[in-house]
Every structure is written in C-alpha cells, then in structure tokens.
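Coming up is one lone chain in structure tokens, specifically the form predicted on its own.
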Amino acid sequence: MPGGEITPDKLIVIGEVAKDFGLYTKITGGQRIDLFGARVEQLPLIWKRLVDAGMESGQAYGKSLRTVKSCVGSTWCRFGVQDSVGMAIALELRYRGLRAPHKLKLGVSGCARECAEARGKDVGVIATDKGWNLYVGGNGGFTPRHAQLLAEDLDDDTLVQTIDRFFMYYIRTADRLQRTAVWMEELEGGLKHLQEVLIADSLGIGADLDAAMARHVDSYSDEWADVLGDPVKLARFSSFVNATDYPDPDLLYVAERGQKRPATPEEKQAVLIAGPALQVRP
C-alpha cells in the first residue's frame, strides 16, 4: 500500500482473502496490512486475487525498500504545507524492489510536527513552506538514531534526484547487512562528504548514479505476478512434491482474540482438528 493509501475496494479484497483462507491480519507500523498463516500451496491463489485487484508485493522478505510512511499532509490536515501522501506514493513506486545491503525505510511528513516520524527512517522527508527538507541515516531497532539534515527546501525533482544518488551511493559502498546509519558513521567525511558527493558532485559520479537508478526503475517487475506467469516457479509452491494438494500436518494453530495464531509446542500435544479453526482441547 504505497504511502499507506488504500481504496475501500482493495480493503474489501484483503478482508475477503483473509477470511477465505483463515489468515491472521494486523496493521503494521509501516502502514501496511500483514496477512499471516497461509500455507505454501495457498500462496499463488492468494497472490492472484491480490494482483487482480491491483496490488503488488510489499517486499517484506527482502533486503530492499520496506515502507514509505506518510501523514495525510496538506490534503486533509490544516497544519500540512505539502502533499506528503502524494510524495510518499511517488517515492515508494520509484524505489519498490530496490535491493540494498539492508532494508530501507522512508517517511514523509507534511509539516514540522513530523507525524510520519521521518527522522527515524533511512530517508526522511519533511515539508517546509518552500519545499522539502531531506534527512538521511536514521533508524529504530537495536540502536535508534535520528536522521541528519542533508539538504533544505528542495523542490520535487531535486529531492528525488538527491534520494536517488544517496541510495545508489550507499548500495555501491556499504558492507552487506549494514544499515545507512552505521554506513554514514563509518564513511570518511560523514555527512559533509555526502553533501559534496551527492549535491556538489565532487567525484563526478552524479550522472552515473542517476543512470543506475533509472535502470532500476525501468526494469522493475512485481515478483508475485512473475511467479503467477511462470509454470516452473509455480511448481515450487507445494507442501510435498508427490502430494501437491496435501497440507503440511505440522502447521497447527489455535484461536486467540478472534483470530488464529501458531500453536506452541505444548499446545500441539492437545490440538483437536475440526473445521476451519483449530481449538485447544480443554
């Protein structure tokens, strides 16, 4: 759901899929909807219904772009000074599927009140009366860090170009599994070096970084849809090679708060299989 925006029709499809397949659903902190509990042979059936409704893979399984969180911005909030939702959607559609040394999270806030928590993201964008302030190198996790101000009052095109260069420079120079915050701490020259390379083009690589991102944007394809169109990949989605319609009997669940969750080892000894829900025997 780019920017956290979703139509009622798509919400209904998600609800219907979750209900039909008995999936656990949860709203995430990144403004997505988690669907848990699908068996491997059910995934293509679920993907097809979501793809047909106009949705794509959220890339939550890759070292890649995860989310672009946004507030409602100037569209619905009296404090908003820029269209944060529109910018968040544009950024997510641009960087979706971008593989990197580690996961990437972005936030776009429509004013300085910072409701999208942009300064806690790898790239944070905060609206001003003149354009956008760009922050880089933030994250939550084990060692939270605030992002640092890289550039101020950027117009839309300059903002996108600067983020393009930041991501590509990071991808090319960071170690594997290194978040942007740690990379910036270990980068010789730190923030000042980044400003010189990305904005002033001190190394003369700006055009090359721009072209690399353009190739990514032009070559993107939805991995769910790719699987649905490839019989070889589809054949991998079965619990057992010699019994494609037989579910894995080790996947056991119990009911909790109106939904299902995986059974604990102790509960598996007392699970009674009956109907679409698996209940613990009293």
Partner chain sequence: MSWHRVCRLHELQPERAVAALIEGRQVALVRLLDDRVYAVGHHDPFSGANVMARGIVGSATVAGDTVPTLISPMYKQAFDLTTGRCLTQPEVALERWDVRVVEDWVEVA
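Numbering follows the first chain given and starts at 1. Please read all numbers here as calculations on a predicted model, not as lab measurements.
Not pictured, yet referred to below: the form predicted together with its partner chain.
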Checklist entry - Considering its partner chain in the model of the complex, which of Val40, Ala60, Ala214, Ala255 comes within 4.5 Å of it through any heavy atom? => result Val40
Checklist entry - Among Ser64, Ser221, Ser238, Thr28, which has any heavy atom within 4.5 Å of its partner chain in the model of the complex? => result Ser238
Checklist entry - Going by a heavy atom distance of 4.5 Å, is Tyr246 a contact of its partner chain in the model of the complex? => result yes
Checklist entry - Just one of 230-238, 64-72, 28-36, 44-52 has heavy atoms within 4.5 Å of its partner chain in the model of the complex; which? => result 230-238
